[in-house]
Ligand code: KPL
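Just the one chain here, the form predicted alone, laid out as structure tokens.
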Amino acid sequence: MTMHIAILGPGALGCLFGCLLRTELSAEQARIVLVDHKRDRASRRQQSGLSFVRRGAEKAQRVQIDCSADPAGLGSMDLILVCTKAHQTSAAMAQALPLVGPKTSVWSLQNGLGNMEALARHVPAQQILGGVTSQGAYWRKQDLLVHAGIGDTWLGVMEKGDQDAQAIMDLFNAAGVALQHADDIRLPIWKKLLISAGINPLTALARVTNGQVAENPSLRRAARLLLNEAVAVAAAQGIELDAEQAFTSLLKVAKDTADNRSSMRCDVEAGRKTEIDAINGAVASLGHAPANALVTELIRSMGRDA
């Protein structure tokens, strides 16, 4: 049975999952469409496809994926994979409502806190899946996507309901994207938040790749400070995390995605609004976290967040 999948947010992460699924799954296994709010970009990619450099490969391959700027013309989907920036979640979901049927699973695979809650303003909580991923990708140039790092991907339900998590896991595993199920999805979301809070703002402020956060002693110390504050805030929310284990994970992600330019750095350099409020800003809003509050203000001062 064909699974119909729409990907909201055709940036680096959304297009990465689109490419991974499209190159490994047959048309009988999955119908995949990238839903774009930019009509000209959707038209260009529909006609020309994407160039995709796999992790470890030297040459790009051409990947043809359906792209559309007209959700109303696509029909309802089995799965909507939400890969927009955190601050775009509500608006993107409102525009994508024609894709939602009574059995559609809506899976947030985004950075930061509050994304499932934003989706739940438009879709029943029983249809929502939460998730995180440490997969990394960036644009080398227009429509040339580089797979910069392989990492864990998690999913779990917001509230038990009609989400077919097992079918999604089976399909993604068949495409070589190993998924892990979380009984309480808040735990991996917070674990990913710790990593994002420690890496992303520092790469944006210092204009470095992820790997430099692990290699540069000053950046390592700053990352540990940001992470330790977030661990303390999580504990106050009833979510117990091990700071040393989390910092080890942060360093591993930084090394595994060493060549990756974080999305926050890319956004700052392009003058776009960042996800700082959903990451470090969210930590600072929930408890005493002066270092997280400081980097939030610094990133805000650099562009569209101001």
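Because the structure is predicted, anything quoted here is derived from the model rather than measured. Start at 1 and count along the sequence shown; that's the residue number.
Unshown form predicted in complex with the named molecule; subsequent notes refer to it.
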(message) So, a 4.5 angstroms cut-off on heavy atom distances: do all three of Asn200, Val253 and Ser262 pass it with respect to the named molecule in the model of the complex?
(response) yes
(message) If contact means a heavy atom within 4.5 Å, which one of 69-77, 192-200, 95-103, 174-182 is the stretch that engages the named molecule in the model of the complex?
(response) 192-200
(request) Flag Asn210 as yes or no: does it have a non-hydrogen atom within 4.5 angstroms of any non-hydrogen atom of the named molecule in the model of the complex? (result) yes
(message) Taking the named molecule as it sits in the model of the complex, is Asn111 in contact with it (heavy atom to heavy atom, 4.5 Å or less)?
(response) yes
